[in-house]
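Okay, so we've got a single protein chain in two different forms coming up as structure tokens, structure 1 first and structure 2 after it.
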Structure 1
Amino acid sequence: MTQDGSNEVIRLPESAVLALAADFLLSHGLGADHAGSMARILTAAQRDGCLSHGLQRLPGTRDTISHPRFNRTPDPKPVDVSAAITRIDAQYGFSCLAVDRGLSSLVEKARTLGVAILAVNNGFHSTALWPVVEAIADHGLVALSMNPTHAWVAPSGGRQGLLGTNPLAFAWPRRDAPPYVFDFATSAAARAEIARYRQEGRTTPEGWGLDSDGEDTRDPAAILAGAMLPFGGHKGSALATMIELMAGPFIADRTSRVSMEFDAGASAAPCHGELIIAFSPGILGDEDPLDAAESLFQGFREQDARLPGERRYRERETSHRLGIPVSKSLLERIRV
């Protein structure tokens, strides 16, 4: 069975998947740049086997597009706050377009100063963060990105949602290999993953969430109606809180609880800020940090341990050879 619940899968060229996503978004009134940016990031997730963050999200974008504050045709422009800081307002469109338009400033400043910040405000959540940090690492820079979401996650020891799923992504450049990249939610599972369990009629693993009475449950529908849990107990809760602060008040944007209040029951994607930081890997010394890092990565290979990101790269290579897998049932939903 595929990750999106269908046994029937076809493989399409990347250009066809990109066109499929873009046409869907254009048909719902998004401007060309806006639709193209969102289509590219969804296609990247689908191509790399992250199906819960790929085309599966397209039908749900209709709820976000219907939000009374959503802007179908934003025109975000980067603003220089200082020599090291760029701010860009997504203007209540999907955040990916603002990120795309702010990246060149971030990269240039990080190369010049050694470290730079891109603060994205007022963007509706797009999808995974890893395509952005990987793109920054392709410029030879280290990258870190984070954002709040909605108050779906109970803090460690709590019983009701307060924190977001609050993803954290990191990328480290490498000379003779794709960047080292990780991207994970600070909740025990991504919300889209729990929704996939519900769609497939499966129970979740233990420790993923609580029902509306604050009791442990493995019923994905009950978790979605109740509260998710952080990974690693108090450790995941602390990381999620850090992200609330750094990608919320620090950049003058919403926490997950305020994002949920802003939604006002519209069931749209969270509207929040995103903090992206880029570092020059040679900023603090003369020794080549990329060469030094390879000895650490070699230690993984010596133990036959998987480096985060390797599965995505394998899926990407397969998609390039055979086409990107898309379930027929999902295609029918997108083409309606």
Structure 2
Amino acid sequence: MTQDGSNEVIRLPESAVLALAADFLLSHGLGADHAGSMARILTAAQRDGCLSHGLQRLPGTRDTISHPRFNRTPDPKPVDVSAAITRIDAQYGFSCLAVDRGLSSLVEKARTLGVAILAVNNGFHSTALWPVVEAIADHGLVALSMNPTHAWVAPSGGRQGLLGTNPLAFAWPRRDAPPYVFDFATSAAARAEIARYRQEGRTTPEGWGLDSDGEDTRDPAAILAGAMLPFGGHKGSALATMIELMAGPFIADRTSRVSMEFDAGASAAPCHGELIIAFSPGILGDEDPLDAAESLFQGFREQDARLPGERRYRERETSHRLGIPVSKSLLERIRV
């Protein structure tokens, strides 16, 4: 079964998927660079089997594009805040264009100084974070990225949405293998996952959310109307709070609660900042850190434990060989 209920999937070359996504966005008035940047990131997610952040996002971008503050033709430009810090204003477009344009400055600064920051402000977000940390690791650097979202998640011990689903992504470069990458929300489950349980008429596992009275529930509709919960109790709650602080006030941008107020019921993607940090892996060590890391990864292999990212790289390899899978019914919805 596909993500939208249809069993029929066809495989398309990457260039065709990219063109489909770009044409959809261009037809809604996005500038060429803006549409191209968003199309690349959605295509990468579709290619790597991250369907929740692939082409199925396209129909929903209409709500974001219709937001009164959304800018179809932003022209973000990186600004040097200091030797180690670059800031770029996404100008109320999708943040991926600002990230693309800020990346070379971040990489250059991290290579020169050992550590550097890229602060992205005022971007509508609707994508996964792994493409950016993986791209930084492809330059031989370690990368961290995080952002707030909307205040859907109650803090541990609380009863109402305050924190975002706040994703955290990390990448470590490897010499003879694609980077080690993880990327996940700090909520117990992604919001789209809870919506899928509702659609399929199933109850969720315990610990995913609260109803509108702040009581534990396994009813997905009640969770969506009430509050989600962080993963790992107080630990996930603290991580999500760190992300609020570091990708909110630290870079002079919105917390998830302020992003939700900004939305004012428009159902657009959250609008906020994103913090990206890059480190040179060899800056503090005498030994080669990449060799030491390989020894750690070898320990996973010895236990048949998989590394995060491995499933994605396998999906990517299959997509390169056979084409990117897309359900026919989704194709019909997005074809211009």
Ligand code: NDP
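So that the term is clear: the rigid core is the largest set of C-alpha atoms that superpose within 1.5 Å between two forms. Remember, it's a predicted structure, so these values are computed and weren't measured experimentally. Residue numbering: sequential along structure 1, first residue numbered 1.
Report task. Give me a 1 or a 2 for the form predicted on its own. Result -> Answer 1, the form predicted on its own.
Report task. Classify Q91 as shifted (yes) or not shifted (no) between structures 1 and 2, where shifted means its C-alpha moves by 2 Å or more with the rigid core superposed. Result -> Comparing forms between structures 1 and 2, the Q91 CA shifts below 2 Å.
Report task. For R202, decide whether the Cα shift between structures 1 and 2 is 2 Å or greater, given a superposition on the rigid core. Result -> Shift of 2 Å or more: yes.
Query raised in the report: Once the two forms are fit on the core, has A238 moved its CA by at least 2 Å between structures 1 and 2?
Result: No, shifts by less than 2 Å.
Query - Cα displacement of E193 between structures 1 and 2, once the rigid core is superposed (Å) - result: Its alpha carbon moves by 2.6 Å.
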